[in-house]
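Single chain ahead, by itself, as C-alpha cells, in the form predicted on its own.
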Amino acid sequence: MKQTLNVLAMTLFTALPAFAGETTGLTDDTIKIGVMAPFSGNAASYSKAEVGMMAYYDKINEEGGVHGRKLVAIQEDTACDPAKGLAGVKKLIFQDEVFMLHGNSCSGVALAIRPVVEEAGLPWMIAHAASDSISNPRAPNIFHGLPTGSANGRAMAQFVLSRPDTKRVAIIEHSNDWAHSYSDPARAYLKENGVDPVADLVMERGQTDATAQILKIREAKPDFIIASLYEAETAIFLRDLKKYGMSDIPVMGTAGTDLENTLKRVGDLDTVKNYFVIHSYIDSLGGDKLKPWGDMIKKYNPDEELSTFSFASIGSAIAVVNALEAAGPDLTRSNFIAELEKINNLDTGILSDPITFTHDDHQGVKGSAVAGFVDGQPTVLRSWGERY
C-alpha cells in the first residue's frame, strides 16, 4: 500500500508542472502575451508590425477584454539578432511566464528560437517573419498568421508571369534563409511554367553598391527582376538600376519591403515607378479600407508614423482573439490551440486572403495581393493591370 501511495505521489508530482503550464500566464483578469520584435537596430522599421498588433490588443481591452481578461503585452527587443532573440524568448517563457507568444519580425531570429518554443510547448502565433521553416515541419504549438515565404514566392512569380510577354526573368537575393524562402518557391513556379532565370545573383545584407550585379543583369536582358532583398538593400539596388539606365525594367519585391518606405528611401518616384511588392492587405496604405485600422493604431500611438508594416500583424491578432473567445473562460493552452485549429476561412477585414488552420497545417494564409505605383499612386493589384 505504501509503495502504491509513493508511486501515486510521484505521478502527481510529475504531472503538476504540465498542469500548471496549461494555465501559466493567466489570472482571473489578465492574459500575459510575450511580444518579440526588433524595437532597435537597422531593422527597427519592422517593429511597426507589433505596434499595430498591440494597438488591436488595446482596442480589445477597451471593449472589456476576452471573457473579462485583459491582454497584457510584455515586450522583448531582439534587434533582429538571433542571440538576443534566444535570450529574450527564454526570459519571456521562464521568467515572465507568459501564456503565449505573438509576433516576431526577422526570420533568422524566429528560426533560432523555434526549438526553445517548441520544447516549452506554449502557443506561438508568428505575425511577421515569413520563412516557411519556422512553422514547417509542423509543430503542435506554432502557427503562421500571415503568408509564408512559399505563399509569397509563388504570388510574386504569378504576378511576374501575368505581365504579357514575360519570358526572361532575373533573380537577385540575399544568401540567407529569409531570401531563399521567397526565391525558391518563385523559381519553382517559374520552372513549372517553362521559365528558367536568365541571371541568378546575390547581394548581401549591408552591401552599399549594386554595380556588379546591375552590370550582369544588363547583360542578361531580363523582362522582369525578382528581388528578395531587405528594404535598405532594395533602395540601393533600385537607385543603381536607375543610375545605369535600367529603371524601365519592372522589379518584384518581397514582404520585407514597404512601397511607401522604399519611395522615402530612394527619394523620388521615378526610381520606384516600376517597383512592385507583395502586399497582404485589401487596400493601399492611404486607402479607405485600411483607414479604420490606421485610425485605431493612431488612437493608441498618436506619434506613430504609419507604413504597411503597421498592419502586418493585425490579421493574426484577430485570429488569436477569435480563438481565445472560442476557448471560453476556462482557458488553457491546449484548448486555445484546439480552437486555433478550427479557424476556417476567417475574413479579417484587413488581409487580402483569409486565414485557415487545420490540425495538419498551421500555415494559415495561402496567397497575397501586390502593390505598385499606378499613375504615380500606390495601388493594390491582383495581377498585372488588374486592380484588387
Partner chain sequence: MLLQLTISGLSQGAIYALVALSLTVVYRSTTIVNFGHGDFVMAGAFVSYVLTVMLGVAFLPAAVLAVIAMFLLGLCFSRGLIRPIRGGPHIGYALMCIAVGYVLRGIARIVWGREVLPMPSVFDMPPVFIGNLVITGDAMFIIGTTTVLLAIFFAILALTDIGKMVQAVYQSQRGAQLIGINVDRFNDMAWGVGAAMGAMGGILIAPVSLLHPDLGASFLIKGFAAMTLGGFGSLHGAVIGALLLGVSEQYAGAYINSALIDITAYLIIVFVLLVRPHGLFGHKTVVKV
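Residue numbers count along the first chain shown, from 1. Fair warning: this is a prediction, and the values are worked out from it, not measured in the lab.
The following text describes the form predicted together with the partner chain, which does not appear among the structures shown.
Against the partner chain in the model of the complex, the set Lys48, Gln213 and Glu305 is in full contact: each member has a heavy atom within 4.5 Å. Proximity to the partner chain in the model of the complex, defined as a heavy atom within 4.5 Å, singles out one entry of Val195, Leu201, Ala220, Met296, which is Leu201.
Contact annotation: Ile236 falls within 4.5 Å of the partner chain in the model of the complex, judged by heavy atom distances. Contact annotation for Pro354: none of its heavy atoms lies within 4.5 Å of the partner chain in the model of the complex. Heavy atoms of Arg138 never reach within 4.5 Å of the partner chain in the model of the complex, leaving it off the interface.
For the chain shown alone, Ala44 is a contact residue for the partner chain in the model of the complex, at least one non-hydrogen atom being within 4.5 angstroms. Just one listed stretch, out of 140-148, 153-161, 204-212, 313-321, contacts the partner chain in the model of the complex at the 4.5 Å heavy atom level, and that stretch is 204-212. Shown here without the partner chain, the chain has Arg239, Lys243, Tyr244, Lys264, Arg265 in 237-269 lying with a heavy atom within 4.5 Å of that partner in the model of the complex.
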